[in-house]
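One chain comes next, on its own, written as structure tokens: the form predicted on its own.
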């Protein structure tokens, strides 16, 4: 029997299995990658994987092209950092606060901008992201501006951080999978495919767009808070537009509107960027070209190649007719 991806539930289930396969492979990597620097690279890749998964929920599954995922990661990092710096709040307070504040800002922004479409939405979220970065950069008395802010660590051992970040990433991926299987997932996909048709069937467009925006912001805030405690330092550079560009390239190269695409794309792009670091700004040119190529010729990204390979493998040749026939 041929393997088919036409059924939505089956497609999501297969994508979840591949996602778990990626996680299993990543869990085994420390047995091979013993260098602490490269273990750190993989941990930062998990941070970007969280941001990529959050942005994919909004852009891939809801069709809302935001340019603020890095900004929400920066907000999450600064919330826990500022609570620690000014009030000596422990991470167990700072991290949940980062999620709540990011979600609240995402909800407020969503209510304002999600009646917009296309380039208007993109430009508005871009403006929001730049305003946030500039406010943090210029609020020297509160945030220390471009000097950055020290954030207390949580774990002493890098491997502990490695598996904590991996565990959080797995929980996020499972949460997104069950969300997509629920009626909410159908509403989000319906909005992406045809807003007018979805509205005519009773789907509350602005409500579900706002919900997706809020959840995406909350996941990004969580990622930023964890990254801040891992790096023990946060700065306005976390919200640079180039960071959002990297996140978008991860999703497009891995596979937009797929579960494993952003995860695999995050590891591939960030690890490759470390290898290309000696080339300076040329690495951004390389990834920009890859995004253009994938967006033009390979809309399903790397996941599309795997999907077609699975379908070809699952096909069995038709039996030869017997002599009696």
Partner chain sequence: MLLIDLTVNGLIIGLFYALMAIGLSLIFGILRIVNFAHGEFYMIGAYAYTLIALFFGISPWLTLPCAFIAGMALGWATERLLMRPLYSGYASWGVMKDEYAVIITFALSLLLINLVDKVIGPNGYRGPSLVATTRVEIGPFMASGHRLMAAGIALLVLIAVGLFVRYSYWGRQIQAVAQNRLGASLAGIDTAKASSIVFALSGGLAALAGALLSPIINATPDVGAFPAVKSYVIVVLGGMGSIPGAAVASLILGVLESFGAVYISYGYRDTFGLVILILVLLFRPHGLFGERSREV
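All values reported here derive from a predicted model rather than from experimental measurement. Positions refer to the first chain, counted from 1.
If you look for the form predicted in complex with the partner chain, you will not find it shown, but the lines that follow are about it.
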Checking a candidate spot here: are 34, 173 and 211 all in contact with the partner chain in the predicted bound form (at least one heavy atom each within 4.5 Å)? no
With the cut-off set at 4.5 Å between non-hydrogen atoms, does residue 256 touch the partner chain in the predicted bound form? yes
In the predicted bound form, does residue 192 have a heavy atom within 4.5 Å of the partner chain? yes
Taking heavy atoms and a 4.5 Å cut-off, does residue 67 contact the partner chain in the predicted bound form? yes
Determine whether any heavy atom of residue 41 comes within 4.5 Å of a heavy atom of the partner chain in the predicted bound form, and answer yes or no. no
Checking 100, 123, 154, 159 against the partner chain in the predicted bound form, the residue with a non-hydrogen atom inside 4.5 angstroms turns out to be 123
Position in contact with the partner chain when the complex is considered in the predicted bound form, options 147, 93, 104, 241, heavy atoms within 4.5 Å: 241
Heavy atoms within 4.5 Å of the partner chain in the predicted bound form: which of the stretches 192-200, 159-167, 229-237, 211-219 has them? 192-200
Going by the partner chain in the predicted bound form, which residues of 104-134 come within 4.5 Å of it through any heavy atom? 112, 116, 118, 119, 120, 122, 123, 124, 126, 127, 128, 130, 131, 134
